[in-house]
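Below you'll find only one chain, the form predicted on its own, shown as structure tokens.
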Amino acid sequence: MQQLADGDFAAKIAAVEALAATGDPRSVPVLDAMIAGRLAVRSADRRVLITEPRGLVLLLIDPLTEVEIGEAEKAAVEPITVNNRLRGALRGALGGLTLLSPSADRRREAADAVFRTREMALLPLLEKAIARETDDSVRKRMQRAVAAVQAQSSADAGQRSTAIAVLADFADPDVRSLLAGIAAADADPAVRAAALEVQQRVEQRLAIWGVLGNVFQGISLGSVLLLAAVGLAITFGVMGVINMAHGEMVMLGAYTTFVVQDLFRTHAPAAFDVSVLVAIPAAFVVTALIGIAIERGIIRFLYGRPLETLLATWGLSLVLQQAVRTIFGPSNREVGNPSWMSGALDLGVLTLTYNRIWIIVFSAIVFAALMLLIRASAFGLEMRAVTQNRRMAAAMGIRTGRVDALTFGLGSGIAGIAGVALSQIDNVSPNLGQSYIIDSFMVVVFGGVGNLWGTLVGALSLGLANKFLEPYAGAVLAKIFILVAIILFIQKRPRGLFALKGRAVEN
């Protein structure tokens, strides 16, 4: 440990490797302090100590016992300097020393650190850790680290080839980079050939995982578009209203989530994990009531006048945005993820975030509930009747004005629920709805106006198309290509994928 104070960086690296080779857990705080710039030498006796700033002085801590032994002025100690090469050696050493940690996460991180540094001196400790390991996923990470160390640093060409064959089981970008380096620089032609062959196999598996990742991201985006568009599909299909304020209903749902979470933080912080579940019905009620008020106060006077309706709802969207800016301010508002929506499912190459997974599940539940309401309730029957033939429905005694108000309220309420979901993955700001209104209209027109199954297929199709085009064209060009494709598609099928049927519709 005293050698860490040597002025020569090569000597410091040798001392770090020697400490790592001991496997002594007391070395961990020493190396942690060194990498953090808190390891120093006391000028009076050249003793290596850990320092802790306290006001104008430094607390001096014995590195072996971690006991405070006094204090000193900053001028009385000399910090031990670290360069990039030494910092890499420190990270590798810390990785090796935490291979036997009681925490599985620390052991996994340690195995990854050894994989990155690939120091032969850490191999005995790594093999010892594998023999003791009880967690299968951590053991695989350790085996990957062993194979990486042997593939790059072993003096035996046969052992390098064997290790390269083991790496074929680990399809990840880091392994691909390692194999590419070996294929380009190894002195043995057989090893280079083996590395190139395994690299190609790893790239093929990575390509498959990449496709699966794009599918997940596409379904996730499609679920968001479905939530944002399904309410619009209902109001547009039943009432023929082009509601440019639909995005603001999404925004109001997100702000309702913020208000609910703020109340939980203030009055019941221990129950914060259920705040999102409370925000769902709250957002639905708030936005549904606002939607009914908009329909009764503005839209019912403009039926049959689509241009005036479009202008009125566009103006209303500006009013709602400014109202939110006045009440909540123009800056983004923080909406937190509950613990059960935080983190990710790690599949090795592919990482699936829990908030995206829950949004996919939530979208499916909302869609199923909406289909059940439309197909198995009296209100759903009336809605379908008005959609297919408004005049005939009115002649049969259905109060079409009431159906219009409740339908607009239902569409707005679902948009509010979409805002709850979007608040978990996007910034909550007055402009939140504007980011999704155009995509929502594209989904509705592409799928078929007023058809929920068309909205589902359209949302998923556009989500998948976006995610598969983005790596090649970028986010902006991908949207432009999709918009052009939809325009060309509508030229052939003006009513979308699934056109509504009925006498009034056909006429």
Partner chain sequence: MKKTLAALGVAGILLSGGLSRAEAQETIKVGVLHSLSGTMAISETTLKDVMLMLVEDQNKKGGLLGKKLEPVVVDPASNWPLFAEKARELLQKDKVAAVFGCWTSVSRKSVLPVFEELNGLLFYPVQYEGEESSRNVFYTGAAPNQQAIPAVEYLMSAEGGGAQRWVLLGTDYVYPRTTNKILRAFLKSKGVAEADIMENYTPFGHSDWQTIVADVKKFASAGKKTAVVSTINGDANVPFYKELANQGIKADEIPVVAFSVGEEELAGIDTAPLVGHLAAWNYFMSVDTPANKDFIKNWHAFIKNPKRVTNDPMEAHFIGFNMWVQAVQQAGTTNVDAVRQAMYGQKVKNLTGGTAEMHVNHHLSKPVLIGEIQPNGQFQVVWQTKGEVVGDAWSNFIPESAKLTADWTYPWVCGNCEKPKFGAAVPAGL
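Heads up, when I say rigid core I mean the largest set of C-alphas that superpose within 1.5 Å between the two forms. None of these values were measured; they are calculated from a predicted model. Positions refer to the first chain, counted from 1.
Beyond the structure shown, there is the form predicted in complex with the partner chain, which is absent from this document and is the topic of what follows.
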Based on heavy atom distances of at most 4.5 Å to the partner chain in the predicted complex, which listed stretch, 46 to 54, 64 to 72, 24 to 32, 462 to 470, is the contact stretch?
462 to 470
Applying a 4.5 Å heavy atom distance criterion, does Ala475 contact the partner chain in the predicted complex?
yes
With the cut-off set at 4.5 Å between non-hydrogen atoms, does Pro330 touch the partner chain in the predicted complex?
yes
May I ask you to check whether Phe216 falls inside a 4.5 Å heavy atom distance of the partner chain in the predicted complex?
yes
Using 4.5 Å between non-hydrogen atoms, is Arg300 touching the partner chain in the predicted complex?
no
Which residue, Thr256, Gln424, Thr407, Thr387, has a heavy atom that falls within 4.5 Å of the partner chain in the predicted complex?
Gln424
Just one of Gly240, Gly343, Gly401, Gly158 has a heavy atom within 4.5 Å of the partner chain in the predicted complex. Which one?
Gly343
Partner contacts for 57 to 94, taking the partner chain in the predicted complex and a 4.5 Å heavy atom cut-off:
Thr81, Val82, Asn83, Asn84, Arg85, Arg87, Gly88, Arg91
Core fit, then Ala33 C-alpha moves 2 Å or more between this form and the one not shown
yes
Arg201 C-alpha moves between this form and the one not shown by 2 Å or more, core aligned:
no
Phe489 C-alpha shift between this form and the one not shown of 2 Å or more, rigid core reference
no
